[in-house]
Ligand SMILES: Nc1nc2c(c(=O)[nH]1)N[C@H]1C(S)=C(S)[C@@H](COP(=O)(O)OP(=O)(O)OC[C@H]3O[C@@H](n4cnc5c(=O)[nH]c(N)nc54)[C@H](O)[C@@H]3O)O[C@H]1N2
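Coming up is one lone chain in structure tokens, specifically the form predicted on its own.
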């Protein structure tokens, strides 16, 4: 079995015992206080606010306030483990860079403190004036997968039903849109089918563009618990930490995924290593799919991918011989110009081999942000609340009836997606933008262009827990928001598990929970009567239950937040009238979809979808002869480092400055020495980075972590045509000695 991570000793907490030195040491993971655990009311469990794994942390309280944390040993997600980010989840709240009061840009161009009344007056008057001058579509918002589900739903409801906005999207467009569209098209609903128990019950796990060791270390620990001696197959151009632990590493050429998986389907079909009964009973389109992949012979696929014919046959034979095969992907698939079809090529492999609905199987997208799933279902952005469709009259009528509002308040057209909103600003169609808990000036593709676009706005509002993000510095109005640990609500993790977050610490200064900011907006806008029932996050949770009824994501059997705590979180669907179970019931705490082979299309069958691979939009050239790969750098960095960068401990554990991985052969040819500063240049920008000479990247490729503020000056603004997700992972660059 593969080795564990270097910090694995910090991940395991089976018996609840930690040394005082571990909690109090300068490099430790505590807050400097060991709470009295002899009192049963001294701790409260809550879901972590970093990644989509959705671990549960026991928050230790002293005089009612949080003073430390330890992993929850009884939670079915993390089983007593936490990664370094989780250990530091409370510490990042204590920063001098927290937004503590509203800030409004004055006539001299400076942000100055104002009251909430003045801030809301400016917010409403400026946005209303823009709408009067340019129409309701001239104001938009960009949300996030970081907010609680209740906050996301209220934001989307206030913006669309109260303020009359048409366009709003979230930063989940940057990470999960491809998986959403792939599942909707193939299954009929955005429905990741798995449970984390599948990591422990699979005979073969195929990870595609997924460095789980680094991006989701607790899930990798679940892989480590697998006692079935599984094959671990990693498909990734880089020799990532996960690839180093694989039994088979397929170091494909960047963006040759589709050819590879069509080629594997070709071998499986040619050898009759497929499940004919499952295909006939539960899928549509097999004959067309089989005809399509017939052209992807092993010889052709080997040429396109850079792999050997033997390695292709070995993978196909492994899939055939192992009883339980699971396919896992993250951003290496999603963040691609043909990501939807790449994801569906994995879904197709699972379907034609019957690896669906059974323990240890599935076509499984691992989410990125802590509440990307909540955003996908309830943010009211490009899909109507509860996974519905704005363009369907019956869906609009249902939502209007459930919310007791006039159906005419619900738009009958879909919102523009994130890149289309930015294009709308560039075209002068959108003049006002409300950015909530996201940092596009750092994270959006082709960063320099993004700055130029935002500069064209008449009014930019940024609502964030920090006043110093790259986007907040550009704002005309900054609204100070409470953080995880300073408010109540729920998150939905990658395996569809709904978990609770709680207020265990006061927000600094005048900062308010995002839920309360949305209520303030509704009050000052004059539409608060529409949201009388949205008094608190838990009231909103009851509204969301109503909105989920009859949908695939139905969770009407969940009573309240206490019920979620008692059961160790609950996966949707959880339908009223169905058998409940208890927290000790594995049938209740670990549930997967499609066990009956029924999908969400009208005929109950899944669709096999495919198309020809397209060439890389920006391949290497004579002037830019190398391919830039991007991704997560270490287990202690998170996205734009807005939070993790505030932790002294996490900063000690991560590289201090931006670096670029360069193959030794390329370094020799360019005369580059290890650790010297070099320039990485694309057609869009030039980034200084320290050279890390390593065999983890292949010749002709370089890798830069996405976390550093200049990384996206290089990336190319191209998008998947179905999901509109940016293709961050591959563009043409050159390296130059400085």
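Quantities reported herein were computed from a predicted structural model and do not represent experimental measurements. Positions refer to the first chain, counted from 1.
Beyond the structure shown, there is the form predicted together with the ligand, which is absent from this document and is the topic of what follows.
Under a 4.5 angstroms non-hydrogen atom cutoff, the ligand in the predicted complex has residue 216 among its neighbouring residues. Using a 4.5 angstroms threshold between heavy atoms, residue 123 stays clear of the ligand in the predicted complex. Heavy atoms of residue 431 never reach within 4.5 Å of the ligand in the predicted complex, leaving it off the interface.
Within this chain, residue 634 lines the site of the ligand in the predicted complex, having a heavy atom no more than 4.5 Å away.
If you check the ligand in the predicted complex, you find no heavy atom from any of 149, 378 and 593 within 4.5 Å. Figure note: of the listed segments 519-527, 287-295, 435-443, 404-412, the one touching the ligand in the predicted complex, with heavy atoms no more than 4.5 Å away, is 435-443. The partner is absent here; in the predicted complex, the one residue of 450, 511, 252, 158 having a heavy atom within 4.5 Å of the ligand is 252.
With the partner omitted here, the residue from 174, 72, 494, 202 that has a non-hydrogen atom within 4.5 angstroms of the ligand in the predicted complex is 174. Heavy atoms closer than or equal to 4.5 Å to the ligand in the predicted complex belong, across 318-343, to the residues 330, 331, 332, 335, ordered by sequence position.
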